[in-house]
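Presented below, as structure tokens, is a lone chain in the form predicted alone.
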Amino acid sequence: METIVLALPKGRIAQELAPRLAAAGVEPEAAFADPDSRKLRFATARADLDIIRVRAFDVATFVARGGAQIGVVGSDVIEEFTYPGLYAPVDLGIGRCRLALAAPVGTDAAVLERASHVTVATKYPRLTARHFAQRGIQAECVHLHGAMEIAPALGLAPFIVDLVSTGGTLRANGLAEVETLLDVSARLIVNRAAWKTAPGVLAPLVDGFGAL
């Protein structure tokens, strides 16, 4: 393995990762901290380690398929894709939120106890379908990549499943949480094949990320 590639997500988790990167001895080039930079791949102070910065959902794909050997992603993404090629050895304890079912304020949640079918807008169709299947309910998932909160008002679906932190976006759009599907936090993930072939290279990184 000539170069280790570390896949990191864009957005809020990236900011919370700074202490973890330092603990693991990963010092990115200056452009990594530049919000105006359009680069996707960054050098580090280590000649054998590069960082790529991609969408959170894509981190799991890059690592599972070997484009990167190690990465950081939310447990929601791990649960949605269930890639067999991923190993998630460390809960980083950052990026905490929850995957929740929500509906317009005033919706009678008891309707779910009587339902055999429900329509849900979400970018987590597998997790959503599995959650409802466990209750004997067939979930028809309207797959959206964003703006889930306006789906009920526009008649796409009476329920949504999305990540919730403070709940402010739900309230601003007239929605309320009904139930939690999954508590979420950021995890360190490793490509299983790379772990088997180069544990001496990857283990110190894993230990460093888990040190705090």
Partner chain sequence: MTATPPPALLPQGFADLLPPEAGGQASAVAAAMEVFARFGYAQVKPPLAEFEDTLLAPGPGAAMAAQTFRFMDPASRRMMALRADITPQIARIAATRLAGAPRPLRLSYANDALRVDGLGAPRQVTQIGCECIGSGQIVELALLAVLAARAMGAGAVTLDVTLPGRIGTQVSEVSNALAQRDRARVAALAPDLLPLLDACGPLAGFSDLAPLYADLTEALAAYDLDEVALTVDPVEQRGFEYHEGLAFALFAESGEVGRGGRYRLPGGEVAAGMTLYVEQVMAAAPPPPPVREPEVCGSWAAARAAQDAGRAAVT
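Residue numbers count along the first chain shown, from 1. Worth saying up front: this structure is predicted, and the values here are computed from it rather than measured.
Keep in mind that the form predicted in complex with its partner chain is missing from the display, and what follows is about it.
> Okay, which stretch from 80-88, 93-101, 106-114, 138-146 lines its partner chain in the predicted complex, with non-hydrogen atoms inside 4.5 Å?
Every other range fails; the passing one is 80-88.
> At 4.5 Å between heavy atoms, is residue 193 in contact with its partner chain in the predicted complex?
Judged by the heavy-atom cut-off of 4.5 Å, residue 193 is in contact with its partner chain in the predicted complex.
> Give a yes or no for residue 187: in the predicted complex, does one of its heavy atoms lie within 4.5 Å of a heavy atom belonging to its partner chain?
Although its partner chain is absent here, residue 187 would touch it in the predicted complex, with heavy atoms inside 4.5 Å.
> Does residue 126 make contact with its partner chain in the predicted complex, using a 4.5 Å heavy atom cut-off?
Taking the distances in the predicted complex, the answer for residue 126 is yes, it comes within 4.5 Å of its partner chain.
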